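Only one chain is shown below, in structure tokens, and it's the form predicted alone.
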Amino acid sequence: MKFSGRKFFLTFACVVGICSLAISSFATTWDMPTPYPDKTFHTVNIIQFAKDVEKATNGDLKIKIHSAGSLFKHPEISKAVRGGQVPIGEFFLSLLSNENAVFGADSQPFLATNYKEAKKLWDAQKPVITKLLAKQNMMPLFSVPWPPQGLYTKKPINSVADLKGIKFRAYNATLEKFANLVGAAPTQVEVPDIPQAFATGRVDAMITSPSTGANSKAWDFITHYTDIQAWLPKNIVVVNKRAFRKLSKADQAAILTAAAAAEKRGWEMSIQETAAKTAILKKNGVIIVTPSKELMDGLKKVGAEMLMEWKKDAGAEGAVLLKAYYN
């Protein structure tokens, strides 16, 4: 059978087109909701993670980032991953503490107050929460801490008694308990709503990181930042196990390698963020305060009380975690 030059060209072009279509049909795009804006260092890190995955998989897997709660609101992200509405997502780990207290270990006041302690706590926490997430058809990929949490107020705070009656921003159950124990009035407020909450008088104070404070332009609504270094809470990136299993072994390995790099990079970014954002607060007129001994003694007393309650709630799993952390 003979082919003319024109017929051969058309046949070749058709074969190439079919092959290209077949190859493109194997490419997968994952939608990934995240709760924070693009400029937040967590999101910057995740954007790089997505680029690393796409490069390592030769474009077989692309992760499309939906930042700032644009696809799912923050409290809905874990449920969306669990139910398979999206294959991957990021959220604040202790948001799950209502389901199991172990998820909130990193938000226990004054349990881990620096990066070395926070890393040790994560090493103890990860195996426990991995088992808990597995029951929900999820798997952790990586986790990155926020800078140590400080106290933002409209006036100097010299003792725990000075917090009594203040309308206090809470972002999880642990902080709500904390506010109640110091006599403050907790109000749930998500990060994007912080400026408006202060402007309308819904809250007068908050405990959060230098990152959130600087990104929210806290100098517009508070005067003092007291560096109490209460805890280093973490964000976590999780994947739906069913979606993960559908990938090729090579693509699975690429994701895990990129995740390990993202965790290492994210912790380094967090350390840099602490210094940089504290400097921004100071530059914009916020008074940076070293806490008094009276204030710290009172806060640590509250923290110890909360840890005792947490131990009861966390049960055997919490005991395993703390044993690993303290040893």
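Remember, predicted model here, so these are calculated numbers, not experimental data. One-based numbering along the sequence shown.
Although not depicted, the form predicted together with pyroglutamic acid is the subject of the following passage.
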Check your understanding: How about Gly89: is it within 4.5 Å of pyroglutamic acid in the predicted bound form, going by heavy atoms?
Key -> no
Exercise for review: Evaluate Leu151 for contact with pyroglutamic acid in the predicted bound form, applying a 4.5 angstroms cut-off between non-hydrogen atoms, and reply yes or no.
Suggested key: no
Check your understanding: With the cut-off set at 4.5 Å between non-hydrogen atoms, does Pro233 touch pyroglutamic acid in the predicted bound form?
Key -> yes
Check your understanding: Does Trp267 make contact with pyroglutamic acid in the predicted bound form, using a 4.5 Å heavy atom cut-off?
Key -> no
Check your understanding: Just one of Trp122, Phe244, Phe72, Tyr171 has a heavy atom within 4.5 angstroms of pyroglutamic acid in the predicted bound form, so which one?
Key -> Tyr171
Exercise for review: Find the only residue in Thr226, Ser209, Ser97, Ser78 having a heavy atom within 4.5 Å of pyroglutamic acid in the predicted bound form.
Suggested key: Ser209
Practice item. Have a look at 108-116, 157-165, 136-144, 209-217 and name the one stretch with heavy atoms inside 4.5 Å of pyroglutamic acid in the predicted bound form. Key: 209-217
